[in-house]
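What follows is one chain in structure tokens, specifically the form predicted on its own.
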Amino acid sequence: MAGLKVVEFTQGMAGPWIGRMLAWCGAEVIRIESHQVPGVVRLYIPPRSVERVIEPEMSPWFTDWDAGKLFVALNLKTAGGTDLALKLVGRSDVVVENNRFGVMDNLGLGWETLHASNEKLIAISSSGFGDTGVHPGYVSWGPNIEAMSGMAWLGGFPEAEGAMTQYAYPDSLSALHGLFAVLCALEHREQTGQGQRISLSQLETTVAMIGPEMMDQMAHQQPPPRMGNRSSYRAPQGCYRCAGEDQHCVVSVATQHEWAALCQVIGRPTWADDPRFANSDARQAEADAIDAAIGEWTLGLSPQNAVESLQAAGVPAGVVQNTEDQYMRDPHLAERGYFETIPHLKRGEVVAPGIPLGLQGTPGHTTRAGAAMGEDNESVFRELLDLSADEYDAYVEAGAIELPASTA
């Protein structure tokens, strides 16, 4: 993506991660911020460090979602701020924004204005519900999208209420859809010379994710049942306690071959040919007895040993890991070099989750993390937009350009 120029008017995570991945692939990504409305990921304090004050450059979420970008601070409620924003748009290929519906229009930066400043522009607007329909003005956040999309209903066990993921999963999902849509629009522009606007609904991207369950609803005119850890088409499937405190592994069997292999591993070889377990439907009817036998076997083993035995026999299984396991003890992630060490403007360097695009011929990298709000004001406005020193100072004096907190 070297040579691609992107401007972000973003908040939260659904918009910023699009720019994060494009920057990792070499694009020049400029994020426009304001001290008036700081991005939520800059305000995150790790829950085990609640005694710490907010340090906007040190937030791990800020690194995860915004590393590799350039940062300018503008007051878009001033004419000068809007003027400079449009100048940046005029030299850019892509605009990414995920504000509440109507915000960009109210700032004088709606699609018609952006398009007038750059006819080949590709602009993606990612909002909770899109810009048409009944609810475009609804305020959105990950949890209410999970609820309205059906994700929360499907989560949890049959005897309990629905369950949330405890993470803004729709943000990640819509960012990936948004990235793909931007790439499609870039390909179309390459062929036709035409830019376009992308209007993405985070609700729709999340509903699309539960496609099989939605088809079940259409076929049977009722919501699919909550399955907990079980599956409607794989049996056995579950999460089983292992030796040690809060240690578990998961097993999921689809075929008769996998079933026979599982029976051998857990010491129940006669079950492989038992007519009670002749197929997936039959095994689902006997799920309690099968789960008890698997749980009896796993309880005497560490999750790692149980999974190694199952995988060696060709049975799909995995250790239930927490983030500490993944970072400190997962040999596979370590061998693949998943975690990325990034230069950090305040700490020297930090380690962050990698960008999992898997490009082997053109692998990307993150240039830096820890930039302050307005860190790149002078380089962007003086060098990229070619403002003179007097012009730059005038915008600062008018309150259009907001200086970094350390110099304000």
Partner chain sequence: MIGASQSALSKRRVLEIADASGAYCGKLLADMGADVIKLEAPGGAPERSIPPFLEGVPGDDRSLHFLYMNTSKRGITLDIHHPEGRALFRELAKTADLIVETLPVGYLEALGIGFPTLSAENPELVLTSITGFGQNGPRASWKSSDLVAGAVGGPLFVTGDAEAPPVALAGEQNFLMASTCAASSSLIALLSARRTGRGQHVDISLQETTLAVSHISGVGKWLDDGIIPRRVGTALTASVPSGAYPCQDGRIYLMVNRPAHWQALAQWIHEETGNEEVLDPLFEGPSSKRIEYRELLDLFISELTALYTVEAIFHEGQRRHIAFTPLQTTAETAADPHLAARDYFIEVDHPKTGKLRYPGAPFRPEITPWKISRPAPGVGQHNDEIFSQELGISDSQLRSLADAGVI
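Between two forms, the rigid core is the largest collection of C-alphas that superpose within 1.5 Å. Positions refer to the first chain, counted from 1. Not measured: the values here are computed from a predicted model.
The same protein has a further form, the form predicted together with its partner chain, not shown here; the description that follows concerns it.
Of the candidates A282, V103, A272, M164, M164 is the one whose heavy atoms come within 4.5 Å of its partner chain in the model of the complex; the others do not. Proximity to its partner chain in the model of the complex, taken as a non-hydrogen atom within 4.5 angstroms, holds for one residue of A243, A287, L154, L86, which is L154. Checking 306-314, 288-296, 71-79, 86-94 against its partner chain in the model of the complex, the stretch whose residues place heavy atoms within 4.5 Å of it is 306-314. Of the heavy atoms in L387, none are within 4.5 Å of its partner chain in the model of the complex. Its partner chain in the model of the complex comes within 4.5 Å of no heavy atom belonging to F62.
Taking non-hydrogen atoms only, P56 never approaches its partner chain to within 4.5 angstroms in the model of the complex. None of the heavy atoms of G348 is located within 4.5 Å of its partner chain in the model of the complex.
Heavy atoms of no residue among H365, E391 and I401 are located within 4.5 Å of its partner chain in the model of the complex. Contact annotation for 319-339: residues with any non-hydrogen atom within 4.5 angstroms of its partner chain in the model of the complex are V319, V320, Q321, N322, T323, E324, Q326, Y327, M328, D330, P331, H332, L333, E335, R336, Y338, F339, listed in sequence order. Fitting the two forms on the rigid core leaves the C-alpha of A79 displaced by under 2 angstroms between the shown form and the other one. H220 is among the residues whose C-alpha shifts by 2 Å or more between the shown form and the other one once the rigid core is aligned.
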